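Shown next as structure tokens: one chain only, the form predicted on its own.
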């Protein structure tokens, strides 16, 4: 059994963040922090030791999720997964993120994505089939899911 993931949630909608926290914990992982703005997220990145950061594109201070992803990438602290209802707002290079989970997501979809990410973080590349609701960034597609 691989170690559970430590997850940072960057989401400005409290109900969504609480639901996500519950789903992450039900899947056997732990939530190490929750931020609603880019400033809070930067502070959390410095004070937590997350493996994965689930980052919404639109936060309380505007569409700053991409900036948060860049910041996390520069710090090499954790891997970013965008969670958004509007994937078109993600730049082509994904700001260094692994990929995106489209909202709305299902509990099964999120659980499958967590398993896939856990494999990718702990023993890359993942051995599970990529979940339907999860899109890999081009950079991670090349490494985690090369064409056979």
Partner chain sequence: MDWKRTREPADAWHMTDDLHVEHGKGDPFAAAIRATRMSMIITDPRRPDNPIVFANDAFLRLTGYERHEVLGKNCRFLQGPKTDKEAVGQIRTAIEDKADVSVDILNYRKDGSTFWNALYISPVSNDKGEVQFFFASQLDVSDRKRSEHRITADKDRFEKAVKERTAELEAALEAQTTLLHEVDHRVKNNLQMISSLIIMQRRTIKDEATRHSLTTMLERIEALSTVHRRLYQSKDVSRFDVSDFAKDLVTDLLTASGRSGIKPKLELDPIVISAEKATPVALMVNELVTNALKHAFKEGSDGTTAGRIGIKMSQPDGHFNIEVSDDGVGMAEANGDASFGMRLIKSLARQLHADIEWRDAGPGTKVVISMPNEPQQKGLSHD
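Residue numbers count along the first chain shown, from 1. On a predicted model such as this, the values are computed, not experimentally measured, just so you know.
As for the form predicted in complex with its partner chain, it is not shown, yet the points below apply to it.
Tell me, out of 60, 43, 30, 108, which residue has a non-hydrogen atom within 4.5 angstroms of its partner chain in the predicted complex. Exactly one residue meets the criterion: 108.
Residues 73, 81 and 145 all lining its partner chain in the predicted complex, heavy atom within 4.5 Å: Judged in the predicted complex, none of 73, 81 and 145 sits within 4.5 Å of its partner chain.
Please determine, with the chain shown alone, which of 22 to 30, 45 to 53, 90 to 98, 63 to 71 has non-hydrogen atoms within 4.5 Å of its partner chain in the predicted complex. Result of the contact check: 22 to 30.
Is residue 39 near its partner chain? Define near as a heavy atom within 4.5 Å, in the predicted complex. No.
Spell out, yes or no, whether the shortest heavy atom distance between residue 16 and its partner chain in the predicted complex is within 4.5 Å. Result yes; residue 16 sits at the interface with its partner chain in the predicted complex.
Would residue 133 show up as a contact with its partner chain in the predicted complex if we use heavy atoms at 4.5 Å? Result yes; residue 133 sits at the interface with its partner chain in the predicted complex.
State yes or no: in the predicted complex, is some non-hydrogen atom of residue 102 no more than 4.5 angstroms from a non-hydrogen atom of its partner chain? Yes, residue 102 sits close enough to its partner chain in the predicted complex that at least one of its heavy atoms falls within 4.5 Å.
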